[in-house]
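Consider the single chain below, provided in structure tokens and representing the form predicted on its own.
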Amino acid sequence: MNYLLRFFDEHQPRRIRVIENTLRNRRTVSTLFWAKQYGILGWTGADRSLNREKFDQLLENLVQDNLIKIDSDGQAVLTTPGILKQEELKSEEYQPQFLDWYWLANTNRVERRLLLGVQVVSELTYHNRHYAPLTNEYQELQLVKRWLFNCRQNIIKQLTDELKIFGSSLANADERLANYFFYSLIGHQTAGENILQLSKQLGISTDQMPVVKQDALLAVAAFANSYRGGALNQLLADLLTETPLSYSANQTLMLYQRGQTIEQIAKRRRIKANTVREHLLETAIVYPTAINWDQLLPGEIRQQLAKHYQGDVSKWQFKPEIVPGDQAAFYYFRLYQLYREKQDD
């Protein structure tokens, strides 16, 4: 419950379903846009196993404790006790270092693959052929077996050297993060510490441990991504994505970058024009450096919208009668919000 409190604000009403969908990695354009406005975009996919029943129960606990209040539209703000509680918790909260890599990988899969890979190399180091490997999907077992076979000549030294380098970089970011990572590994005669043990070892409360875990796994994914050809990269490569975009949005972006219009892309990809617009909005939210804003949002449209919209973009109201574009009016409205936010930043 304390972990969830960090996602609310005293001044900005926040949609509770946006927070839930962000944590669960339900990446609709609306969720991505509002997650960006709330400053929580980096938490996308941080708790993929979260279910609606559990989330609503945690919210109900916060309401009963008078820490937040939720209106009839499903928007929540901190109460005065909630503000005080949030301030009190700030000194205890673990501050993530690697949230910018939220898009790089599904950390649940990275964890399963990594723990199994480290375990088999550890047992190999001791020439141990008789042990029970971590329970995992058959496909994952085969992938790790193939990785071990392909790297068998140098795998022990290569993985050991990489983990030393990675551990040093983690310690530079936060020593507790490095300790969490290595204490949680499984290997020869080493079971890996559980959450309660890790919490005591690191001096971090148990409700903050999922944050530490997510941060450590994003860190190792980022390291594997940058250490091309290394043991960790070969182990995790197929789990790492190339861009923050979904596959389909990235296909749309590549065609748009080649100068094709929305209608041409829709025809070529056999999708609706509105779907193309959603892909471009997704790009503007999570990968704004990949687009040409003059091409995406022509100057005459910006000038027209500037006459009616100023100030905090999160408080703008869409008015179809003053936004050009007919059926694409909301698309231009949302783009202009993102453009103005980018300019203000």
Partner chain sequence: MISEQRLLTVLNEEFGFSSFREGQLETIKAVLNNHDTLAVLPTGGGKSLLYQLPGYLLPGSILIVSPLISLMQDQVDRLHRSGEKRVLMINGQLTGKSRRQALSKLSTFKFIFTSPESLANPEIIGALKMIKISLFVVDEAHCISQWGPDFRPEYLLLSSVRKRLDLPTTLLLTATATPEVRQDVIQKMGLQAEAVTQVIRSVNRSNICYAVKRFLSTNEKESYLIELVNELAGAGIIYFASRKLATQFAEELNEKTNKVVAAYHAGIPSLERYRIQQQFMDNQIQLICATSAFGMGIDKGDIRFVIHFHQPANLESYVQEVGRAGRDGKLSLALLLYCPGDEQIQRTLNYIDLPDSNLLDAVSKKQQPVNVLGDNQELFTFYLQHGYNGKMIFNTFEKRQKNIDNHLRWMARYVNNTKICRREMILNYFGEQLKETPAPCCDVTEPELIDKFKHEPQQNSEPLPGVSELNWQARLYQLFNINNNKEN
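Numbering follows the first chain given and starts at 1. The model shown is predicted, which means the values in this text are computed figures rather than measured ones.
FYI, the form predicted together with the partner chain isn't displayed, but the following is about it.
K.L.:
Would the partner chain in the predicted complex be within 4.5 angstroms of a non-hydrogen atom of every residue among Arg112, Ser122 and Leu202?
P.N.:
All of them do, each having a heavy atom within 4.5 Å of the partner.
K.L.:
Is there any non-hydrogen atom of Ala171 lying within 4.5 Å of the partner chain in the predicted complex?
P.N.:
It does: once the partner chain is placed as it appears in the predicted complex, Ala171 has a heavy atom within 4.5 Å of it.
K.L.:
Find out whether any non-hydrogen atom of Gln139 is located within 4.5 angstroms of the partner chain in the predicted complex, and reply yes or no.
P.N.:
Although the partner chain is absent here, Gln139 would touch it in the predicted complex, with heavy atoms inside 4.5 Å.
K.L.:
State yes or no: in the predicted complex, is some non-hydrogen atom of Gln57 no more than 4.5 angstroms from a non-hydrogen atom of the partner chain?
P.N.:
Close contact exists here: in the predicted complex, Gln57 approaches the partner chain to within 4.5 Å, heavy atoms only.
K.L.:
Residue-level contact is defined here as any heavy atom of the residue lying within 4.5 Å of the partner chain in the predicted complex; does Gly82 satisfy this criterion?
P.N.:
No, no contact at 4.5 Å.
K.L.:
238-246, 124-132, 96-104, 259-267: which one contacts the partner chain in the predicted complex at 4.5 Å, heavy atom to heavy atom?
P.N.:
Stretch 124-132 is the one.
K.L.:
Of Asn274, Gln75, Gln251, Asn194, which residue is found within 4.5 angstroms of the partner chain in the predicted complex when only non-hydrogen atoms are counted?
P.N.:
Exactly one residue meets the criterion: Asn194.
K.L.:
Looking at Ala222, Ile186, Leu255, Met209, which has any heavy atom no more than 4.5 Å from the partner chain in the predicted complex?
P.N.:
Selected option: Ile186.
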